[in-house]
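Let's start with one chain on its own, the form predicted alone, as structure tokens.
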């Protein structure tokens, strides 16, 4: 019996990627772990029983739990708005011709704008003195001030994120719709299926795969968002819009508490990993059931 020779040289093609990942991800992660188990300024590692001191301090910190609550609320609102809205936009976009290409280009424009520019645009847009939105609402007699009112600040950062990222969901949903063969629609027309049934039994199952990707991407991005809300509100008024990322940066750079900040960032990473795994598991099971 002949033994098949396996060529292992292909691993050399993967080697540059492994080196890049080591420098960009593994080494920084090990640095953070190192900071989380030592007294940074004292230059001494904690004893074995105190290795988790910074982690215990963070778990007992009401500040972290408040920031986590605000973060979960923000991500939940974002997903509840952007996913249905993106699907609705995709369903109503032209499927072919010039206007289909035009709509795709227009939908892509917000995604091309850098995050800090998005924050600056909405910061100026919402100002009462010179901003189009703020000045218009003030002229209509609506009391709007995102720098002083908590509700206005939340509405501003949510609308900003919806404007910036709904296009991503719409484009992914549109790609899923374009992959559906015309024969499915012809069969539904012969059966005189209603518009809702076409969406429920043909379009939604075919979009489920791309929607799963869209939900995962939007959750992870919204849970790690920093630049846009920081530029617009700076985490204010007070701590009303201080999300986890903003709180972490304030702790690490503002207060220079590197040990607690390192422990905070590791727990932050684990929370994102756990919730993303839950999302992925649920969406995969729904996809297998054809829902």
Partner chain sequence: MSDATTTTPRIPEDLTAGGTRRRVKVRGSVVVMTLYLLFLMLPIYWLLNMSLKTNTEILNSFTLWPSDLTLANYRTILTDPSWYMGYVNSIIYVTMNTVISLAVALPAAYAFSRYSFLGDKHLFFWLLTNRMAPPAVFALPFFQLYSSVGLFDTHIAVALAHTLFNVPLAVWILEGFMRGVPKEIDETAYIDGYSFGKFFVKIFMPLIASGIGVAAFFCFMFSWVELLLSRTLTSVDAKPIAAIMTRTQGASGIDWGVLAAAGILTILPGALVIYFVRNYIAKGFALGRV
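Just so you know, these numbers come straight off a predicted model, no measurement behind them. Here, rigid core means the biggest group of C-alpha atoms that superpose within 1.5 Å across both forms. Numbering follows the first chain given and starts at 1.
What comes next is about the form predicted together with its partner chain, which does not appear here.
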Three residues, 117, 129 and 272; all within 4.5 Å of its partner chain in the model of the complex via heavy atoms?
yes
My question is simply whether residue 69 lines the interface with its partner chain in the model of the complex - judged by any non-hydrogen atom within 4.5 Å.
no
4.5 angstroms heavy atom contact with its partner chain in the model of the complex for residue 110
yes
Mark residue 200 yes when one of its heavy atoms lies within 4.5 Å of a heavy atom of its partner chain in the model of the complex, and no otherwise.
no
May I ask you to check whether residue 55 falls inside a 4.5 Å heavy atom distance of its partner chain in the model of the complex?
no
Counting any non-hydrogen atom inside 4.5 Å, which residue from 78, 157, 171, 207 sits next to its partner chain in the model of the complex?
171
For the stretch 215-234, I need every residue with any heavy atom inside 4.5 Å of its partner chain in the model of the complex, listed N to C.
217, 220, 221, 224, 226, 227
Once the core is superposed between this form and the one not shown, does residue 275 show a C-alpha displacement of at least 2 Å?
yes
